[in-house]
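Quick heads-up: it's one chain on its own, the form predicted alone, in structure tokens.
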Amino acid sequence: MDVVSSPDPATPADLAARYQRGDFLFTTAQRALLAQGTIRTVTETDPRRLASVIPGVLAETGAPLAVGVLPFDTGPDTKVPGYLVVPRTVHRSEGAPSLPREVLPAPVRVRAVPSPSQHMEAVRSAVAALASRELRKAVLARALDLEFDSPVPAESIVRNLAVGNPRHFTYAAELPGGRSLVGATPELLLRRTGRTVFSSPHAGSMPRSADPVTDRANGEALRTSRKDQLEHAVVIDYVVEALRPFCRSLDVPAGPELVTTPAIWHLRTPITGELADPDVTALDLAAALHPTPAICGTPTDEARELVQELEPFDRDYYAGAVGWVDAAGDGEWAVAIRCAEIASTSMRLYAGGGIVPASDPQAELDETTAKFRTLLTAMGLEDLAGV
């Protein structure tokens, strides 16, 4: 096995430039990880079972880590497996990628799934169902299907995402069947470093504006929005309760902070904990946390059932988790949003938003439109966001 020791002398820009479809790439503002080749793949529909077998696989192969994805649906009836790869070569570097922007071809066909009007009707149905089914929140998504007359340039999309979203977690991972999942998410599900656990839940959103006055007003509106504060509190309560059994201590701020991405204002609460058991791995924690109310709703099972009724597509790995875990149990897992699944000459982009009793259908549509811009800007297709 050819495993490159860490850190690699290459720069983050070098690693992003080396990425080829089929590799695993995970970049942040501080570091980059590129994994290439395959020693073994491990698939399990139960993420807890997946977490339990990976340490043995790493010990058996002598590999330093495993990389991959968990699907959105981790319920007992799911047919979509968690998919982890033990790579043949691993490169790491410190710092953020800096690369020239690459020009991409335009699609020949674009289709919204569902249509904007149909999505707003689904929001109305979800709001009505919250009361009748005693739900606190559900998350509804929509998709854009893009078709090209040549292979989708996944490498260029990934590099543009890394450069255009330096504070995001930019990722690319192979999926079963030869598809690729690429995206740039602002949300860290969790990071484990030794006994320290860090999670950064995001919930509550408002579009950015090119006008500075409007942009500041949007941020202030989000900060003071009772609807968004309540939506955020649902997520924080869930994450704290999910982490509590694993941690001897948890540090939870009294309220969220306001943060930005190039396209969206968010409410975020950073949570830090100390593990009680050092044998609990990053993947164990990811399996316990996922899916959070930020991308599913709560209660989880009932919200997931409603989502599957109202969305006219299967999410597969959208709103799943993407990341890595090493032989020591350390790792990082991000929430797989602001993403697209890429096939040969087509791709499907996803964007969603949290629905609570005070949700307005037009505002929810506008939120998904803004979230599409992360991928569309990387492709030079900003004008398609409103389709």
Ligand SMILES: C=C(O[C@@H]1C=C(C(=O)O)C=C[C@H]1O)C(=O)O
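Keep in mind that this is a model prediction, so the values were computed, not measured. The first residue of the sequence shown is number 1, and the count goes up from there.
Omitted from view is the form predicted together with this ligand, to which the following refers.
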Check your understanding: Looking at 121 to 129, 151 to 159, 201 to 209, 173 to 181, which lies within 4.5 angstroms of this ligand in the model of the complex, counting heavy atoms?
Key -> 201 to 209
Practice item. Using heavy atoms only and a 4.5 Å cut-off, determine which of 266, 168, 136, 91 is in contact with this ligand in the model of the complex. Key: 266
Point to revise | Candidate spot 231, 351 and 371, all three touching this ligand in the model of the complex (heavy atom, 4.5 Å) | key: yes
Exercise for review: May I ask you to state whether residue 318 is within 4.5 Å of this ligand in the model of the complex, using heavy atom distances?
Suggested key: yes
**Study point:** Interface membership of residue 187, this ligand in the model of the complex, 4.5 Å heavy atom rule
**Key:** yes
Review point. For residue 63, is any heavy atom within 4.5 Å of this ligand in the model of the complex, or not?
Key: no
Practice item. Considering only heavy atoms, tell me if residue 294 and this ligand come within 4.5 Å of each other in the model of the complex. Key: yes
Review point. Across 315 to 345, which residues bring a heavy atom to within 4.5 Å of this ligand in the model of the complex?
Key: 318, 337, 338
